[in-house]
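Only one chain is shown below, in structure tokens, and it's the form predicted on its own.
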């Protein structure tokens, strides 16, 4: 495909971005996706400052292509993370879970391209006003922490694209080239893909979690814990425990007590499929095997281009 606003902004071959997922997105995955023509992202939300430094240094050695770091704004050592990102000259930062005004100007002063993740038009407009270079608009289908309004990707993308001037990256429910094309027809300039890369060879997710994602069927995930932070989970024993608490009328404090600390690490990184928090999107039901990240990128782009050719052949000209 030819260049567009996203490939130009990031200096990449394809408008395909790998999500910066905690416990799943280390330097191996980020560098593999960048080397394949997409934009790889290191997920810093699960990393201590010294660990992030190590992952950035290794990523720079593994690829000469652009890559990014995902930076949750609520991370307790965010100032250390930002200092490391600036010192090591990371070219692109994706911020999330907070006010983009807080750090965007500092990052941009350092010559860094800034993208913010949002789940509503309201916050897309706020992000544009804050000076970010692009936004990721994440629909209800997405895995992990999610928007509270349950707005689907196919609804959110055109609503945002119509109202803002900066590039729009669609996320949530995208695991194929056809889904990529659908969101771009609706106004997105590119896509961000998370769940499909969880099951890549290079993902730092535990093999138990990768296998569980592959086994997840239709309706196998649910959005829950809205009182804390909405999160989409595979329905394992921990999820059932949360549902039982709801049935008993549990309040916010009780739910926080059940969640505890480190439960996402326990599930996704350490491989506890019973008591762990297993964050993945609805698209998991369409993922059937573990394969190298480069193959995932190539397959998605081949399917994307084939779908474009179908449209050119007037398949939909009724």
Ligand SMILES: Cc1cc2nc3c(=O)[nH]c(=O)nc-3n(C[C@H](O)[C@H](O)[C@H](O)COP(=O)(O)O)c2cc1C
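Everything numeric here is computed off the predicted structure, so don't read it as measured data. Numbering follows the first chain given and starts at 1.
Keep in mind the form predicted in complex with the named molecule is missing from the figure; the text below concerns it.
Enquirer: If you check in the model of the complex, is residue 171 within 4.5 Å of the named molecule, heavy atoms only?
Expert: Result yes; residue 171 sits at the interface with the named molecule in the model of the complex.
Enquirer: Residue-level contact is defined here as any heavy atom of the residue lying within 4.5 Å of the named molecule in the model of the complex; does residue 198 satisfy this criterion?
Expert: Looking in the model of the complex, residue contacts with the named molecule include residue 198, since a heavy atom lies within 4.5 Å.
Enquirer: Is there a heavy atom of residue 96 lying 4.5 Å or less from a heavy atom of the named molecule in the model of the complex?
Expert: Looking in the model of the complex, residue contacts with the named molecule include residue 96, since a heavy atom lies within 4.5 Å.
Enquirer: With the partner left out here, check for me: in the model of the complex, does some heavy atom of residue 281 sit within 4.5 Å of the named molecule?
Expert: It does: once the named molecule is placed as it appears in the model of the complex, residue 281 has a heavy atom within 4.5 Å of it.
Enquirer: Among the candidate residues 124, 157, 142, 134, which is the single one with a non-hydrogen atom no more than 4.5 Å from the named molecule in the model of the complex?
Expert: Comparing distances to the named molecule in the model of the complex, the residue within 4.5 Å is 142.
Enquirer: Within 4.5 angstroms, counting heavy atoms, which one of the listed stretches 245-253, 28-36, 66-74, 53-61 is next to the named molecule in the model of the complex?
Expert: Partner-contacting stretch among the options: 66-74.
Enquirer: From first to last in sequence, which residues of 105-119 have any non-hydrogen atom within 4.5 angstroms of the named molecule in the model of the complex?
Expert: Result: 117 alone.
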